[in-house]
Structures are given as structure tokens and as C-alpha cells.
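Heads up, the chain below is alone and in the form predicted on its own; it's given as C-alpha cells.
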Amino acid sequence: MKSAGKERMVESECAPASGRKQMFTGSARKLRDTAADWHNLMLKWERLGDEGSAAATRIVNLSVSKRAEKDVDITAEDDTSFVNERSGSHAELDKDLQDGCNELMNILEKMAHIVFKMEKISSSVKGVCALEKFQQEQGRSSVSPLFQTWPVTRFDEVSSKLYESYKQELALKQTIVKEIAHTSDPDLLLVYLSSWLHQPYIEDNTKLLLESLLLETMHRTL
């Protein structure tokens, strides 16, 4: 997963190429602010994803070590002194494994809170777009684009797609966290770890949607 640590948050206002800050009002201002919110929440998600990857990697390594020690114990179960010596090592592994799981659960809770905020943003955008479309149909608002080229319905489409992607990815990560601590099969553990790292529901198209949204709302310039 690509780290987003060096990227900066998007401001709710930005200066165009001329150097003069452009002000927006009404629906345009609301949609532009939500574009910045999308960017900032996605950055936070990536940072948490990196932290989760590190925690999940530790859990996998500890689980593999624990299984290896159990295999050693089986071959030496008649040696009482050896078994007693290894019990302390098992206890330490169990503690480290529990600490890793707790850390991953805390990260997941923060990611769930981000998706909750994304849901609120998507709902807000839907309301703004519905109001703007109604006003246009009633002749109370111009039918020309609020920014550059997008019709108002496009903002709703993009926000909905972004939210659904992260909603599905969160559900996958919840399954991973639920299963990863209770799995001893090394191959299955690697599948869980790979799934966390690659985030199959957050495709490259998701980032392209965000970039197009930032370009349309003039947070980005070509």
C-alpha cells in the first residue's frame, strides 16, 4: 500500500493559477467542501491501512512462530524439563499475539469511523444535488455546470461509488480481523495478509474518481 504521509490535506478553498483565491457560495461551496472532505478521509484511511498492515504482519509472524513451537513440543513431550521451559515462551507469544490483535481491532474501529463519515458525506452530497436539480427544473437556478463541466448528478454518482467501495472494503477488513487471530494455517494467514494489503474493493479507479472530483471542483489544476 502506498503511504500517504507526505501528501497534504486539501483546503476548502484554493487559489487558482492566477494567484487570486476564488470564492464559492451555495451548492457549489458545499460540494467543493465535501470534495476536500473526501480527499482528507481517504488519506486518513491509507495511513490507518499502513498501520494495520504492520500489525497484521506481526500477528501472522507470531502465529507462525506459535505453530512452530507447538510442533517442537509434540516431538519433545516426554521431556518434562523441556516442556516446562517452553511454557514460558508460549505465554509470551500469546501475550504478544493478543496485543497485536488489540492493536488491529483499534485500527479497524478508526477505519469504521471513517466509513461512517463517508456515509454522511455521501448522504449530504445526495441532498445537495437533489435540491440543485429541483431548483434547476423550477428555473430558480442556472442549468450551467456549478464548476467546469460536470452536471450536478455526477457529484452524487461519484460520492456514492466512493462510499460503496470503502464500505465493502471495511466489511472485508472486519472479516480479516475476526479470523486472523484464530487461524493457524500459514497459507490462509498469508491470504488474509495479502487481502489487507491489496484492498481489492478500493481499485485504482477509486483514486481516479477522487482526482477527477478534485479537478472538477478546482482543488487541483492540470
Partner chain sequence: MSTCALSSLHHALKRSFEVLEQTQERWNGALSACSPLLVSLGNLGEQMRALQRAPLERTPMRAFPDLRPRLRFKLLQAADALVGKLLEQTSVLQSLRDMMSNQAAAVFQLYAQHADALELSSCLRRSATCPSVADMMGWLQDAERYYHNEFLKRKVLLETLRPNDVSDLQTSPKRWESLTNQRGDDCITGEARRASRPASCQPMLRCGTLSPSRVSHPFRDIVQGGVLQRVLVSIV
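Positions refer to the first chain, counted from 1. Please read all numbers here as calculations on a predicted model, not as lab measurements.
Unshown form predicted in complex with the partner chain; subsequent notes refer to it.
- Judged by heavy atoms within 4.5 Å of the partner chain in the predicted complex, the contact stretch among the candidates 177 to 185, 26 to 34, 149 to 157, 56 to 64 is 177 to 185.
- By the criterion of a heavy atom within 4.5 Å, E203 is counted among the residues contacting the partner chain in the predicted complex.
- Among residues of the shown chain, L172 is one whose heavy atoms approach the partner chain to within 4.5 Å in the predicted complex.
- Looking at S195, you'd find a heavy atom of it within 4.5 angstroms of the partner chain in the predicted complex.
- Under a 4.5 angstroms non-hydrogen atom cutoff, the partner chain in the predicted complex lacks A68 among its neighbouring residues.
- For the candidate spot formed by Q168, V191 and Q199, every residue has a non-hydrogen atom within 4.5 angstroms of the partner chain in the predicted complex.
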